[in-house]
Every structure is written in C-alpha cells, then in structure tokens.
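Presented below, as structure tokens, is a lone chain in the form predicted on its own.
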Amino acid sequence: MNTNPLRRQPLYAQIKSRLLLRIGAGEWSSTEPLPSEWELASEMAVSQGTVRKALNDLVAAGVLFRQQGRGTFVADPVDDWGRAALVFPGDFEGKPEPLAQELLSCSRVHAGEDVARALQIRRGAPLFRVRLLWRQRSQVAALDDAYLPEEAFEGMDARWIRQSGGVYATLQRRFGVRVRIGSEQMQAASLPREEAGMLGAMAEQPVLVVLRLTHSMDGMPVEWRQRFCLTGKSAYSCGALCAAV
C-alpha cells in the first residue's frame, strides 16, 4: 500500500510542494529571482507546463510574485501584527518601535463554539494553538493565542514558527498560504488569571483585547487570534490596517 501523500497529488501539486519546501528552507531570498521555468523543469525532470502551473498557483497565493523582465521572486510574508502597532499615545507621525517575539508554545486543543463558528469548522475539531509573547523595549507588551485548524495545517511545528519568525510566515513558507487580515474587533476587558501570569500583570487588570479573523487570499478563514495588550504606556494603532481592509 502506497502511503506517500505526494504520490496521490497531481504532478504540478507535487512540484508546488517541493518548491514550498525549498522556499521554506530559504533557498531563494526576496531579492534573488528563482531559476527560469526551463531550468526548474530540467532540474525536476518535468515539463515546463507543469512547472508553470505550480508557479502560477504560488503567485496566486501571494507566495511568489513576478516582475516583468526580471523574473519570479519570493514575496515577503505578512507580519503577525499586519499594519497594527503599539505606539506612544498621541504620536501620529512617529515610526512604531519593533516588537520582539517569543514563542511560548505550539499545542493541540479542541475548538470551542466561538472559534469553530469563525473558522467554519465543527465544534470540538482539533486545532493548533500558538502562544506568542511580545516585548517592546524588553518590556512585556502583549500576548497572542492564535488558533489554526489542524486539518488544514497538518504537521505544524514550533521549530517552523521559530525559524520563519511568526505564524503568518510559517503558513506562507511551509503551506503556501498567504494571509490577509479579514477583520479585527477590540474591547476593554479584565485580564484572566492565566494570561495575567504570562504577562506579569495583575489578574482582573483592565487590558485591551483584540480579536482577529484571518483569511487566505481566496477568502477561506485560516486563523482566529486573541491578543491581550497592556496599554498603560502605549496605544494600539490600526489606522493603516483599517484603511487597507
């Protein structure tokens, strides 16, 4: 019995998977064009048409992009903050300071009612939960819980997230899924005890909670994220993000 999943895929999909592995391994940078279709076809012992179909899929997903007369390049992944940022209150002109990411865990959980409804999956379906801590000037600033359907992202691994630099970069480089942030909702809430411990804050302390639903480029929901932000000394800016959605 043949258990190799690639053998059950069309040839162009196998080539697409192989290209994704090479992109994920960093074989090509965003400033270096991929080899030509002819070169890739010769290297992988397939037709140019097969390679072109695989590349077209990756371009449509936003993993690659083409420049007339220059070639095909790897697109930079969307950052986990999108266009949002933590900024100094009242500063509309200053450039936001970068946030340092710390991966706390990547574990399996089951979908609750709200997450299942948002991701259009059954309640209790298996999910990956990725917990990320964010620091600004070495101070803890935010905590993320990102939920992803296990069926869509089988084999999700903490090492990939560390190597790629975030959830969205992992989805693009390892699974060929480039995301767009569909919507965000914000509310003031009391910080739960577990999350308070991770943030080094007091339980029941008022915080800003951001709920985000992320889609693939073809409109399918791929991630539900809850972000707890300590905004005592900063403000959550999403003006550019909201304008872009």
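Just so it is clear, the model here is predicted, and its values are computed rather than measured. One rule holds for the numbers: they count along the sequence shown, beginning at 1.
Absent from the display: the form predicted in complex with the DNA. The rest refers to it.
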query: Interface stretch in the model of the complex with the DNA - options 216 to 224, 203 to 211, 46 to 54, 187 to 195, non-hydrogen atom within 4.5 Å; finding: 46 to 54
query: Heavy atom of R180 within 4.5 Å of the DNA in the model of the complex; finding: no
query: 4.5 Å heavy atom contact, S42 to the DNA in the model of the complex; finding: no
query: 4.5 Å heavy atom contact, G71 to the DNA in the model of the complex; finding: yes
query: Contact test in the model of the complex: Q67 vs the DNA, heavy atoms, 4.5 Å; finding: yes
query: Heavy atom within 4.5 Å of the DNA in the model of the complex - qualifying residues of 11 to 44; finding: L11, Y12, P35, S36, E37, E39
query: Relative Cα spacing, R52 and A169, in the model of the complex - shift of 3 Å or more; finding: farther
query: Closer or farther in the model of the complex, the Cα atoms of Q14 and P221, when the shift from this form is 3 Å or more; finding: closer
